[in-house]
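To begin, one chain is listed below as structure tokens, in the form predicted on its own.
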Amino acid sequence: MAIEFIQSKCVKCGRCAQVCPCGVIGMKDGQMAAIREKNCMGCRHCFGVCPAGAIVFDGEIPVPASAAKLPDPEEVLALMERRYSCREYKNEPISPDKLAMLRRVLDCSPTGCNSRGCKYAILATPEETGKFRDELYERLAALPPDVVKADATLRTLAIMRRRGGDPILRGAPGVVVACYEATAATGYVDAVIGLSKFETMAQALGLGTCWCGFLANSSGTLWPGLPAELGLGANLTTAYAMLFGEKAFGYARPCR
């Protein structure tokens, strides 16, 4: 991480030093400076808090500050109260504009120690998800009976699959799989937080969502190399997954 100070702009308010969680910034020869730069974890709070735009972080020149329009608290509460697990979807792809917003949410989701140790694979068309769905059930059918019998989740899935339908993906046109690096300080928690942020934005965009516990709880046996096959790389662990897509119909009132 490289932190530079434009001393001609600095008003010496000290906010950058105050918000730094690692004690990186302080006074040196009467000016603000990065005094323990090797300790920087890249949270960029100094960059964000500076009222004068006097901090250059990794070469990025700060743009003039602008006030963000925040949603009304009542609107946020209504969004939370009307959230439900959607298991009925339209068989159509998610629009590029909505996908772009959802990806932005994942990009800015917080992680412990700013490790950025999470990666997400998004399948967002009926074709992509259909291929993924077929592979899941082929793998389920190929498992030895004694392995299925010994695992409650796999046993339930096998029974539901024999009865017909799609017990894992529920016919959803979209699925996001969250994975984390083994070295991430709080990898599993970070991944779940990311999906929670993703769900909130998806709901705000009018999409339905459902936490896919069947996939999360069975992936270790059903598809141990899933992160690599999704193009996320090796040495990753599947944390959880979420279904999403355009709702087949809405609900008239909150479920709770």
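This structure is a prediction, so every number in the text was calculated from the model and none was measured. The numbering used is simple: start at 1 and walk along the sequence shown.
From this point on, the text means the form predicted in complex with a small molecule, which you will not see here.
Residue contact with the small molecule in the predicted bound form: Arg103 places no heavy atom within 4.5 Å of it. Contact annotation for Phe47: none of its heavy atoms lies within 4.5 Å of the small molecule in the predicted bound form. Contact annotation for Tyr137: none of its heavy atoms lies within 4.5 Å of the small molecule in the predicted bound form. The small molecule in the predicted bound form comes within 4.5 Å of a heavy atom belonging to Arg83. Of the residues given (Ala54, Ala202, Cys212, Leu226), Cys212 alone sits with a heavy atom within 4.5 Å of the small molecule in the predicted bound form. Listed residues Lys98, Lys90, Lys119, Arg87 were compared with the small molecule in the predicted bound form; Arg87 is the one with a heavy atom within 4.5 Å. Residues placing heavy atoms within 4.5 Å of the small molecule in the predicted bound form fall in a single listed stretch, namely 213-221, out of 213-221, 27-35, 65-73, 227-235. Proximity to the small molecule in the predicted bound form holds for all of Arg170, Tyr240 and Arg256, with the criterion being a heavy atom within 4.5 Å.
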